[in-house]
Each structure stands twice: as C-alpha cells, then as structure tokens.
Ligand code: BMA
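Taking the form predicted on its own, here's one chain by itself in structure tokens.
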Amino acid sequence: MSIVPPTSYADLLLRHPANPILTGKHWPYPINSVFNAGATRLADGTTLLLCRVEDRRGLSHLCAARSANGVDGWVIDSEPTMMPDPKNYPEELWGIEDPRITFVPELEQYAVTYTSYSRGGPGVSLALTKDFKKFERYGVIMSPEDKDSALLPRKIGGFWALIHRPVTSLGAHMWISYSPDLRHWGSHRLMLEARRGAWWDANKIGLSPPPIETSRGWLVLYHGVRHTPSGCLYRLGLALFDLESPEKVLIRGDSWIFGPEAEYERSGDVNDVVFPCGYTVDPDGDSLNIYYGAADCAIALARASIRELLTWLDANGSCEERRRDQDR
C-alpha cells in the first residue's frame, strides 16, 4: 500500500504565549525541576495541577498548584502535597511520579493514578482524595514494569477500567484492565499496539492525559517514543476508542500532531520531550487546556478543540484493518 503524505499540517495544539507557565523558580521550597502535572478543574472553577517535583537527590514527589484562570497567578502548596511513603508503601522507595487525575462521580472523589518507583522498577499506584490534602492510598495496583495509567471516570459493564502501559515480552503497548473494587485487577486486554518499522510511534507508546469522553468515543492523546542517534524523541498522536468497549480502537491517527519545537521543549534535563498528563475542558464543552511537561524542566500549556481533533482524525486516521496492513 502506498501512502501519500499531506501537503500541509494543521496546528491542532496551540502553545500559550505565557509558556512555560511553571518552572522551578516559582516553587516556594528548593527543588531541581517541575514537570508532568495531572490537572483538574475544581467545583469553584479553580484549576488544580498536581505537579511532579524532582528534588536534587533525583527523587520525585507531588505538589499542588492552583490558579483562578489556569494560566498564571499560581498558588503553590508551601510544602509537598504528597510525599513518597516507603515505610508503608515500599514500592515508593525511589519516588512517585507522573500523576493523572480523574474525577469519579460515583465515588464523589478524585482518583489519582501515579507511577511508584521501587527497586523492581516503575509500577502503577492509586490514591483517592476529596480535597488534595488527604489521600487514601490503595498502594500498587499494577506491578513493575508498568506506568502511563489513568482510570476511566465511570464503570464499563459494571467494572472499573484502567488504561496502563506494561512492558512485556510483547513490547511496550497500551493495555486496559478491569476491576470490581479498584484493588483486584484482571481481564487484561491489549488496547493499542506500538507500530513497527520507521513509524513515529514504533516500538514504544503510552497514554498521555486521561481519555476524553465524547459522543463518538473515548478520545485519547498518546505519546510515541522514537529512538534516534541523539536520544529519545517524544511526540503526541490521537486515537478514538469505543465508549462501551474501550479496548476497541475505532480510528488511529497516522501522523503525530504535536512535538517538541520551542526552546523550552527541545533543551532541558531530558531534551526533546512534550509529555501531557492532564487537561481541563472549558464550560463550552469543546475547548481543551492541555498541561504538559517540557524537557523534564517545566510545565507548559497548549490549547485545542475537541471538535477539531475529531475532524482531524476523520481525515487523517486509519481504521483497524488498514492499520494492520501498514504494520505488515
């Protein structure tokens, strides 16, 4: 099959002119860097970012920052909001990282999935909170090596659903698993495979922010990691999944839609990285505010339209059958 490249590319994610909106210089206590923040909009309209903060030992914890407009005027917790607790949770020995936040109406709480780093490698842990001050830790729910996780906001067929990215003998692909109680997980199903060959998302992919529920399906931003002679290159793509069978991919974008271009994305502790972990949706139900880590040194903001992302997928996506042909 021959693939004709487009003559131009749409700017689907627009960088905010105030970028980067948060750096280590904003922090009220000494740190190395801040990046990869989960995001949510609280009941009073305040935007809350739960930021990954790395100290000078190289270990990470989580710290909340709040803003009335989601851009500036951030009020940052004066001390870490959630510290690793290796005494009670040994899987957190080397820090906690990359939170994703999902508000779960049935529980009237926020579910925070995050990477817990132990001697065995990265695993997936879960905590529930009502106020981002007190957290009920569930501990590790997916053992190493696993990360890039988010909980769906509602049950699917009576079960909670978790997207995550284990590394197995099959490779580094996106999976979905189900649970009756948030503690015991099974029915593991492959959700999206990394492509093979020269593709931008070959060999290693993972969920970026939590899925966005639309009338057409779960809209997913995911990252692809391309290995180059100068290091790894992180970029973002799009896919759409069935609402009631979210392991079923409906459309997958052929090309990446957002990659490191600005100086604060190209140069930092880890060069050439854009890595969203959270978003908020404006009251119009369409405007997305996507918060992403930039080069593992700062938090930046890009804005997008859900409607435009879906339209782009229709014009630039592949169905499951065509995708399999491309991978052969």
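What you see is a predicted model, and the numbers here were worked out from it, not measured in a lab. Numbers follow the displayed sequence, beginning with 1.
The discussion below concerns the form predicted together with beta-D-mannopyranose (BMA), not included here.
- The listed set 77, 98, 247, 254 contains one residue whose heavy atoms approach beta-D-mannopyranose (BMA) in the predicted bound form to within 4.5 Å, identified as 98.
- This chain is drawn without beta-D-mannopyranose (BMA); in the predicted bound form, the residue among 262, 270, 42, 68 with a heavy atom within 4.5 Å of it is 270.
- Relative to beta-D-mannopyranose (BMA) in the predicted bound form, residues 35, 52 and 275 are all within 4.5 Å by at least one heavy atom.
- A residue is said to contact a partner when one of its heavy atoms sits within 4.5 Å of a partner heavy atom; residue 222 fails this definition for beta-D-mannopyranose (BMA) in the predicted bound form, lying far away.
- Interface membership of residue 147, defined by any non-hydrogen atom within 4.5 Å of beta-D-mannopyranose (BMA) in the predicted bound form, is confirmed.
- beta-D-mannopyranose (BMA) is not shown here, but in the predicted bound form it comes within 4.5 Å of a heavy atom of residue 234.
- Of all the residues from 295-310, the single one having a non-hydrogen atom no more than 4.5 Å from beta-D-mannopyranose (BMA) in the predicted bound form is 296.
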